[in-house]
Structure formats: structure tokens, C-alpha cells
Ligand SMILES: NC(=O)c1ccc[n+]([C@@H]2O[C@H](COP(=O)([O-])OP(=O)(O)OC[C@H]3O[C@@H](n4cnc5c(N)ncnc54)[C@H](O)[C@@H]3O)[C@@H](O)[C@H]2O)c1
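Just the one chain here, laid out as C-alpha cells, in the form predicted on its own.
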């Protein structure tokens, strides 16, 4: 079996961590049990480009139990847990190509190692696998039945490809499932981002000014959790509707140009590039802490920051100190990459349980329906979304009401009024 991981001797630690995460992933566990009996993915090759974490390990285990051959690479150079990668190779015979801290060339060599296996289904987080496949191996796309995409950034890229007529096989946007973005993006990103910031800095949030750049689902979760820790939260936005919502939620809303002068912490969660730029760095306080929780490391303009700095040094793990020409110091966390995965462990397993349950069921859906799907981006089928929610509620021991026949009739008729 081909693989490329840091050290197989880490496998025992990785196995324990995978088991710990599995205890809080009851929905995915139920799906795995069914997959083991029914083998709905028998004979299918799956190429996955995901954060190599304990939660991902339980997803790929589930897919393998369903009969698939699974090949895994990292979707971010700093998010890989080397002990998890080792455990998947040694204990589950799953080929993994991922090493924490890998350089750009190694990162793409790992993506190509997965594509060398000619997968029929792709699972992506950020669309680097799909993008590489389309750019460098267009002829190979004819052999792909379909794929899934995990994150907002990737869905944006794939919808752009579909709009231009460039997407060569169907993709299901798992990110857009209600049981994904309403929970994973909000509660997962909110908690794990603060976890990463606190692990990296050990600074007090209470009483600080915390600037959240972007008020999408991830920004909402981060703002909520920062306020819960006692921070005074400022939101910056370009969308008037989201800005208005932030105001109604009680946050201060202002342009980043103004927030730059008062912020103690800055975190980007926009999915866009060059959000924090040179003009903002120059206005920041001495000691300002800057980080990113969007998928790619493009939201903070580090190139311009280096240009206005006289010195850059690592002052503690995951913290780089930039000394500006004006004498002020700015601290950047995790090289501007996903701080929740680079400095912490990513989303808690309890919320990834729903996201990865969607992934597993959408892969099964593609296997069953690929002949009728078009070359575009699809939403997660409503029945899958609701099934995941039902399984999660059941696992939590929570029961809900059902509609009476009279109520069902009322909701589907027009005759009855006041």
C-alpha cells in the first residue's frame, strides 16, 4: 500500500484519539453500522481531500465499511494530525498522503497521489482536489461519477466553475445542508476558533475589543462566542443585510478602517482575499493580534505586512511577531492559515458528526443516482438533511411532535381562513 505520513510509530496515539472522537459521533456510527451490513459503496474508489483529523478518520472508516476504497490527502498544510494519519494507515489500511507543515509542492504531490488512483467519487474541502483534476487531468474527469464539497469557499469556487460551464461532473454542496452550515459553521467555527486563539496566545478575551471580519454563519458563531467570553465585539461587513443583522444582534458595526484603530483581536471569516491590508496594519495598536478562520490563507495580506516590517520572528508556537517600521508590533497566528485547525483541533466531534453524516449519505446518493445527475452543483437532498437531524435528535434522547392529520391537511390547503 502506498502512503506518505510522518511517522507510523505515532499510530497508537492516533488510534486512541480516533476512538475518543467516535464516542461523540453517534449519527456517523449508526450509518457505519448500516454500511457494514449493506455495502452500498462496494467496488467504488473515493478520493478525499480533507483536514486529516480524528473526525475525518471516522468518516473515511465509515466509507470503507461501506465497501469503498478510500484514498485521503490533506486539504490544508497545517491541519493534519500526524498521529491520525499514521493510525489510518496502520490500523485501518487506508492510504493517507498528508504531513503536517508540508510545503506547497508536497501538498500538491499528495493531491496528485490521490488522483493517481482514478477515483469515481471525490470528497473535497476547499475544492483543491477538483480544481487540480480539472486543470491538470481533464481527461480523467470522464471517469468521475460525482463529488461532494465540505466548505463555503469550495462551494463558491465550484459554483463559479458551473456557471462558466467548466464543471465536468456533478457536485453536491454538503456545506449548504442545514444540518451542516447552521451548526458546523456557527457552533463549530465559533468554539474552535476561540480555542485556537486561546491556545496560541493565552491572552484574556474579557474586556478586549474583538473584531470579527464577516458576519456569515462562521462570523455569527465567532461573534457569539467572543461576546460570551466577555469581549466587546465589533463586526465589519460589506453586505448591508448581514451588517444590519449584526446591529440588531447588538454588535458594534463599522468599517474595518475604523475598527483597526481600536481592536485588540482581529479574525477574518469571509472567504475572500486581502480583507486585512496594509492600511489597516498601519492603524492597528501596538500588540494587536491578527488571525484567520477562513479556508485559505489569503484573507490577511501578509505580503504587504512583511513589506512594512523590519523584523519577523516566532515569539511562541503559532505566533509570529511583525515589527513595523513605525515601531509597533503586530502578532499573526498560524501564518494566517485556519487558526482553529492549525492552533487547535478544529470543530468538536459532536458537530462534525452531522457534517460527515451528510458526506457519507451524499456519497451513497451519488452512487445510486449518478447516471441521472447533471454537471452542476446540487444542494443536499432534503430527505438526507432531515434524516441526519432525526438521527442526531434520537442520539441526544430528544423527541419532537408530529403533525396531526388535521394539521397536515391545513398546511396543504387554501380554503380555510379566519
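Since the model is a prediction, treat every value here as computed from it, not as a measurement. Residue numbers count along the first chain shown, from 1.
Keep in mind that the form predicted together with the named molecule is not shown, yet the notes after this line are about it.
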query	finding
Contact label in the model of the complex: residue 218 to the named molecule, heavy atom within 4.5 Å	yes
Residue 110: touches the named molecule in the model of the complex, heavy atom cutoff 4.5 angstroms	no
Close approach of residue 341 to the named molecule in the model of the complex, 4.5 Å, heavy atom	yes
Contact flag, residue 272 vs the named molecule in the model of the complex, heavy atom cut 4.5 Å	yes
Residue (of 258, 93, 279, 239) lying close to the named molecule in the model of the complex, criterion heavy atoms within 4.5 Å	239
Heavy atom within 4.5 Å of the named molecule in the model of the complex - the one residue of 336, 263, 214, 119 that qualifies	214
Proximity to the named molecule in the model of the complex (heavy atom, within 4.5 Å), stretch among 110-118, 138-146, 164-172, 263-271	263-271
Sequence-ordered list of residues in 163-190 near the named molecule in the model of the complex, where near means a heavy atom within 4.5 Å	180, 184, 185, 189
